[in-house]
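Listed next as structure tokens is one chain, alone, in the form predicted alone.
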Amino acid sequence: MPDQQVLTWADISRLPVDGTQVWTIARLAPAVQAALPFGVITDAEEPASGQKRVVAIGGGAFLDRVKLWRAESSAETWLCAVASLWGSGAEASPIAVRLENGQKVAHMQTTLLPEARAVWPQLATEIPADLARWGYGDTLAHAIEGFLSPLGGDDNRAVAGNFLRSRLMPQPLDQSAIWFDLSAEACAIQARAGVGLVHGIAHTLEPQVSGFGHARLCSSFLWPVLRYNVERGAKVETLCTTHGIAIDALDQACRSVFDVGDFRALLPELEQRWDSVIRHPLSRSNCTTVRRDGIDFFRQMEFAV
């Protein structure tokens, strides 16, 4: 995977005005216009093909749209991605997900990775508390599933283990802008390995369930899936022991983003679509086997929380 530049917000402001355009979501457009000297368009528009430089500022779904636009319509455009919310890590990933024929479809190619990413620190304290917590859950899901993925090599697993142990798990669930960087690093780890059942569930339910976005779904199932994986085999504990991660601390980190009300509201949807979850490619790459009787574990868990 090609290297990606990590720029500061000051670096962004010093880009040449000629040939640079900001593409952002409508809600942020006034603040962007006040902060940067470039022309601004919103998500209701698209840049002209051949635009020299684009700075994209928004959430994960918007950044994925920008990445796919660049890959499909304007391959020569230099792209810098700035996340407005932590969690998806889309700014640091060669993966872009979009809805196609009612299904979430992931596209992966090196040309989807933006040439640069940056953090706009001002946005951190403006994130609503619920969105921030769900973003923590998505970040944890990327790092943990990337660490546990059977598709990951030893070198990436060592990086993932160190990242979890020394940087991600000790970080308070606060409004610090450091979460933008943690989210990007977690997604980069996941992109080099893979994910598993948490994302298999999220990608299956998201097009079908209103009111629950991707990050909220990941947060709802991260701790239950961790318990499923721990109780279905020795791999989680073995890898945690090998890489110096306390399994109780990992459990607590996952539980810190868990909402029992959301889990109970979503359980009937999971039951109804469990066969689709089993068949999902991400579920098939889970660190433990996902079988038809696996839904019984989640049914029983409803009464244990």
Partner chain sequence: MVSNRDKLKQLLVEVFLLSDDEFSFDLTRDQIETWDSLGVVSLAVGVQETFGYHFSPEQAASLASVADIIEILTNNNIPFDA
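For clarity, every value in this text was computed on a predicted model and none was experimentally measured. Positions refer to the first chain, counted from 1.
Here the subject shifts to the form predicted in complex with its partner chain, a form of this protein not shown in this document.
With the partner removed from view, which of 259-267, 242-250, 274-282, 31-39 is the stretch that lies within 4.5 Å of its partner chain in the predicted complex, judged by heavy atom distances? Careful reading of the contacts points to 274-282.
Heavy atom to heavy atom, is A177 within 4.5 Å of its partner chain in the predicted complex? No - in the predicted complex, heavy atoms of A177 and its partner chain never come within 4.5 Å of each other.
Is there a non-hydrogen atom of P207 within 4.5 angstroms of a non-hydrogen atom of its partner chain in the predicted complex? Looking in the predicted complex, residue contacts with its partner chain do not include P207, since no heavy atom lies within 4.5 Å.
Please determine whether R292 contacts its partner chain in the predicted complex, using a 4.5 Å cut-off between heavy atoms. Yes, contact at 4.5 Å.
L151 near its partner chain in the predicted complex, any heavy atom under 4.5 Å? Result yes; L151 sits at the interface with its partner chain in the predicted complex.
Could you list the residues in 196-232 that come within 4.5 Å of its partner chain in the predicted complex, counting only heavy atoms and keeping sequence order? Just R232.
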